[in-house]
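Here's a solo chain for you in structure tokens, the form predicted alone.
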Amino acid sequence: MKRKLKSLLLVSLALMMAFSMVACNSKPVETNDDPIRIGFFAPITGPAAADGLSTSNSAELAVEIVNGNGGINGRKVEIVKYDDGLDTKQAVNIAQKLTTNDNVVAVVSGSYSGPTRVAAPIFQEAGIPMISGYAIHPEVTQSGDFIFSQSFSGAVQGKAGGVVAVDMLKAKRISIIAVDIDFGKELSESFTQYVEANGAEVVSLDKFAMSDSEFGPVITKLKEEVKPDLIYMANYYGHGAEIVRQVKNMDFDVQILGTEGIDSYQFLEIAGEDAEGVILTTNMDRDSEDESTQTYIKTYTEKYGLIPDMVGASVYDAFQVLFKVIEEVGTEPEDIRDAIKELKNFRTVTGVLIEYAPSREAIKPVQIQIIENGEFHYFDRIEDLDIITPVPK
């Protein structure tokens, strides 16, 4: 009898250990009372903190609105937010936490290409969908089929800039001033390819580090020696503001064409009246008649007391995409991935998302804005599919 009882105890103990091991290695079972957890990371501190603030605000606004409307299929959404400080090592740590500890069903990147492209392979390996709000480097989506970009690629935007420079503004001699990181390289390369293939000449290319702030010698050289009829700036708002100020201070009469990097309230505040007449490629049209765009601008401005920019709007759109597909297919990562791939003609605050290319980069119109009276306004729009469709590398 004792031997039989001992055998039963051993079997029970073995079963308990087996169930314990399964529980330790299984994903927690979701119920309809559990929040839908979505990961998010952005450079909330560090040299890109202004963009981090914009994206963080927009992420929180998107979640606040969807929860205020009852959540998704009756479940609240919870954002799991991290600050990457524009540091790639920190981005790797964040991606590892999100994929192993935080029980998220998807992730939105509100960060630059550097942090986003080192984090993307980790999400791909874990089988968790990630949508990048605005990182432009092609290696982001090349990480695999779980990785998407909500904005157009750098190659598309650079080509669109070429259309503005050559076809719209009729520039013939063009100088480029570019920040020497992924952003500046990708934009300036694709811009150069287009303009040189369409009758214009890039007469100078000046690169600078993120830490640089003195552009006087470069501007002097351009004015007195190079004499371009257009300057293409592939840089961010701080550098862009300083460049346009020095151009105006030197009475240098030249058209300036920028990119989404200067699409920021910070650029308008720092550059002031020196920004007048600057044209830029971006993905947000402030003069859009679309109700969702104007509602986003109004709500964001009233809540935060700031003017929204393209990085924030792009992150807001990324959350809208996730909300849409989760409502339709649920929270299984594979189902979310497949639904994003099939999404077509989805209206966002930055315009209609036509579809995702096979590279999983968004195909959408490129908006051209001009700064007038201290504000961004409509200048033109590029909808030609030959321009806005990314070409696989």
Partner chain sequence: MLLQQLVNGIMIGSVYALTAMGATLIYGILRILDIANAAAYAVGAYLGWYIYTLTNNLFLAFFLAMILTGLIGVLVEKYIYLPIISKPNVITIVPLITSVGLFTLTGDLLRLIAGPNVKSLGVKLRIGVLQIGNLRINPEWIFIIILTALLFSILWFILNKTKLGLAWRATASDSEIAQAMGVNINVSMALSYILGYGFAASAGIMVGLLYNSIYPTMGDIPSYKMLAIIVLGGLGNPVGTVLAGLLIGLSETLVAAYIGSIMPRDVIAFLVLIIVLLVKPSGLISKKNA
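Numbering follows the first chain given and starts at 1. Worth saying up front: this structure is predicted, and the values here are computed from it rather than measured.
Quick note: we don't show the form predicted in complex with the partner chain, though the next part is all about it.
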query: Output flag, 204, 233 and 389 jointly within 4.5 Å of the partner chain in the model of the complex, heavy atom basis; finding: no
query: Partner proximity in the model of the complex: residue 220 to the partner chain, non-hydrogen atom cutoff 4.5 Å; finding: yes
query: Residue contact check: residue 320 to the partner chain in the model of the complex, 4.5 Å heavy atom; finding: no
query: Proximity of residue 67 to the partner chain in the model of the complex, heavy atoms at 4.5 Å; finding: no
query: Any non-hydrogen atom of residue 277 within 4.5 angstroms of the partner chain in the model of the complex; finding: no
query: Per-stretch contact check against the partner chain in the model of the complex, the hit in 128-136, 239-247, 94-102, 195-203 (non-hydrogen atom, 4.5 angstroms); finding: 239-247
query: 270, 169, 254, 181 - the one with a heavy atom within 4.5 Å of the partner chain in the model of the complex; finding: 270
query: Listed residue that, although the partner chain is not shown, lies within 4.5 Å of it in the model of the complex (heavy atoms), from 87, 212, 145, 189; finding: 212
query: Partner contacts in the model of the complex for 37-59 (non-hydrogen atom within 4.5 angstroms of the partner chain); finding: 44, 45, 46, 47, 49, 50, 53
